[in-house]
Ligand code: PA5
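Just the one chain here, the form predicted alone, laid out as structure tokens.
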């Protein structure tokens, strides 16, 4: 279960987090206040036995037929699967010798060089494409899919191309759903009542995990356990955020103390940014990877303007590595020889926390324990629950994103579409 630590607020907060208000918002959420948007609260329903078999069979076919899987999606459709893959398999997944295909991501920008780089990686390699979009009309995704589907047709012909496409989209409507049905393409559903940034625990994120050799059921089990037992921890986080915002802390710097969580950090930024920042209000979500980013942002955090607070996210990777006895003279590490690097990392968390608190920066702690599929599923659910509750406490709709839709309309208008 995820643990929220509020000891880093002591002496730096004027009032107490309103846990009663957070609990009231949560009860309204669970009672259906946002029916039609709350399917993510029932991950087991969205991922039943039949879907589990479909997803695992699809993953097995990709693993057997392809050297590469290209995942095409933007926003939650790209960040969700990438966050899961990197957290469980590390950002260097594609460099390691694994039995499963390499996995590349595309369609999250309109960059020609970026797409060309991915295309160049597919030379002389069999590949499949998973296109992920609820509507099918998102410009970045549609443009990238055209590139890769055309390449599939050139290499394998129309029939072969159709056999190598997996469409993850709305089960009933939308341009991609119509395209999949017209062409007999394999498809996986995004539940209609689950928005993109809340979809990591649906086939959006689970197919990629399965292709990489992870068991999606373990992620779902962790999410369900978090829902059943971790409610209070998520509410403590939501209430603390809103208390700090009320006291003028308008920026949250969410720092992950494990580099393989970098993509999860990007997912977190979208989750909170699109859910809360509306009507001229909201906490600006910024992210960092500590201790790496302490060498670029540490001075700003320590002595800059006091308009921010931090959230420290800790996990314990399964890998063990000890500090060798040998070192160059004067490196000062001889007393630490033989100690696990994870112990050094834990000491770093506490040292940074003390330093930043002394500089007037409140720190919320979020500890997910050992990094496993179950704990990752729990962490995703923890943040989704806290985000929805926090937005409700702030008085905004947690599940729409009118600002994003405005940019999409303007872009299509500029292109004459």
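Residue numbers count along the first chain shown, from 1. All values derive from a computational prediction rather than experimental measurement.
This next part talks about the form predicted together with 5-phosphoarabinonic acid (PA5), which is not shown.
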Would 21, 250 and 390 all count as contacting 5-phosphoarabinonic acid (PA5) in the predicted bound form, using a 4.5 Å heavy atom cut-off?
no
Spell out, yes or no, whether the shortest heavy atom distance between residue 208 and 5-phosphoarabinonic acid (PA5) in the predicted bound form is within 4.5 Å.
no
Residue 394 near 5-phosphoarabinonic acid (PA5) in the predicted bound form, any heavy atom under 4.5 Å?
no
4.5 Å heavy atom contact, residue 134 and 5-phosphoarabinonic acid (PA5) in the predicted bound form
yes
Is residue 74 close enough to 5-phosphoarabinonic acid (PA5) in the predicted bound form to count, meaning some heavy atom within 4.5 Å?
yes
In the predicted bound form, the residue from 243, 82, 164, 197 with a non-hydrogen atom within 4.5 Å of 5-phosphoarabinonic acid (PA5) is 197
Just give me the single entry in 138, 311, 128, 202 that has a non-hydrogen atom within 4.5 angstroms of 5-phosphoarabinonic acid (PA5) in the predicted bound form.
138
Stretch in contact, per heavy atom within 4.5 angstroms of 5-phosphoarabinonic acid (PA5) in the predicted bound form, of 189 to 197, 113 to 121, 256 to 264, 286 to 294
189 to 197
Relative to 5-phosphoarabinonic acid (PA5) in the predicted bound form, which residues of 383 to 417 have a heavy atom no more than 4.5 Å away?
401, 408
